[in-house]
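The chain below stands alone and is given in structure tokens; this is the form predicted on its own.
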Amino acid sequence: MIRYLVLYWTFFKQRIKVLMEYRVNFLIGASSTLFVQAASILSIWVVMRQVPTLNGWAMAEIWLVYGLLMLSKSINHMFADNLWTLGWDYVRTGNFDRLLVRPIDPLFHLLADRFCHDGIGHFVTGLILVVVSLVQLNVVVTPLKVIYMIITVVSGGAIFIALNLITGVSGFWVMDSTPVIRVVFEMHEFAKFPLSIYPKAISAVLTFLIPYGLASFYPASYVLGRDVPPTLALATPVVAALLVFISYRVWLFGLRHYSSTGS
């Protein structure tokens, strides 16, 4: 474990050096997502100005749901964005072979090969939304709640990464796994809002099948003291661990069936 932590730090430093060679580009990339998210937040604000509550949820409460999801998404975006490129940038070009001949785990190498600084904007956006919502709602922030939210965010990030890995493994067969990943990944857009506003079928999908709701709606409900099943409110780390295990087994299955392009 220590060896891999040291290796990751080495990869990370080299990536930052590369990014900082073009500092303006680094700043644009890191801040671009801020503007994208600002447009999305502004559209919600405009709607909520006309509709004070959404199925009993005020705007500040929705910010908390949105913010927690963005924090989890930022972990995936910063540390596992390379999963999107597995098919077309590694398998199709033959670059994946170089990961197999090095004395480290190929999945670790794939993840460590690229730190995506665009995710910094997601993290800043999420943090601002969470802090602003807690202040506006006068939520008593105890050390226990802080620890709970940190665990939830980290676990939510693991859920994002695991789902992207499960779908990304399709790149071993279809060469371009991006469309497959996108089908599942874009479902997180529904989890930016309280699941209670959707039909039960959609709510069930986002809870049990593609559990992005465990990274946003249920933790936010728990922090706000809303009526939510304790099992779901506390299930995020357990589900994250289960999905990580499943995704790694799927990865190993794909790895066993990988065949080089021969180029």
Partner chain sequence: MSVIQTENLTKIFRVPQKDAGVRGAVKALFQPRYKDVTAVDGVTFSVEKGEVVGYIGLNGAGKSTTIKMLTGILVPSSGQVRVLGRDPHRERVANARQIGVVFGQRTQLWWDLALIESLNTIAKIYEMDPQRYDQLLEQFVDLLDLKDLLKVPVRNMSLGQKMRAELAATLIHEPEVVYLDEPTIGLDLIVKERMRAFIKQQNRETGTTVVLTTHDLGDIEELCQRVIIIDEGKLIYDGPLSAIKERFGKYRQITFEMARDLDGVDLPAGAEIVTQDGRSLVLRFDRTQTTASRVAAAVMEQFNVVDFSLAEPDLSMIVKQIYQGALHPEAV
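Just so we're clear, the structure is a prediction, and the values are computed from it rather than from any experiment. Numbering follows the first chain given and starts at 1.
Form predicted in complex with its partner chain: not shown, discussed below.
> Is it the case that R23, even though its partner is missing from this view, gets within 4.5 Å of its partner chain in the model of the complex, heavy atoms only?
R23: no, not in contact with its partner chain in the model of the complex.
> Taking its partner chain as it sits in the model of the complex, is V101 in contact with it (heavy atom to heavy atom, 4.5 Å or less)?
So V101 counts as contacting its partner chain.
> Given that the partner is absent here, does R249 sit within 4.5 Å of its partner chain in the model of the complex, heavy atoms only?
Looking in the model of the complex, residue contacts with its partner chain do not include R249, since no heavy atom lies within 4.5 Å.
> Counting only non-hydrogen atoms and a 4.5 angstroms cut-off, does Y8 reach its partner chain in the model of the complex?
Close contact is absent here: in the model of the complex, Y8 is far from its partner chain, nothing within 4.5 Å, heavy atoms only.
> Give me the residue from N95, N82, Q136, S170 that has a heavy atom within 4.5 Å of its partner chain in the model of the complex.
Exactly one listed residue reaches within 4.5 Å, namely N95.
> Just one of 146-154, 189-197, 101-109, 69-77 has heavy atoms within 4.5 Å of its partner chain in the model of the complex; which?
Of the stretches listed, the one contacting the partner is 101-109.
> Any residue of 242-258 with a heavy atom within 4.5 Å of its partner chain in the model of the complex counts; write them all down in order.
Residues within 4.5 Å: L255, R256, Y258.
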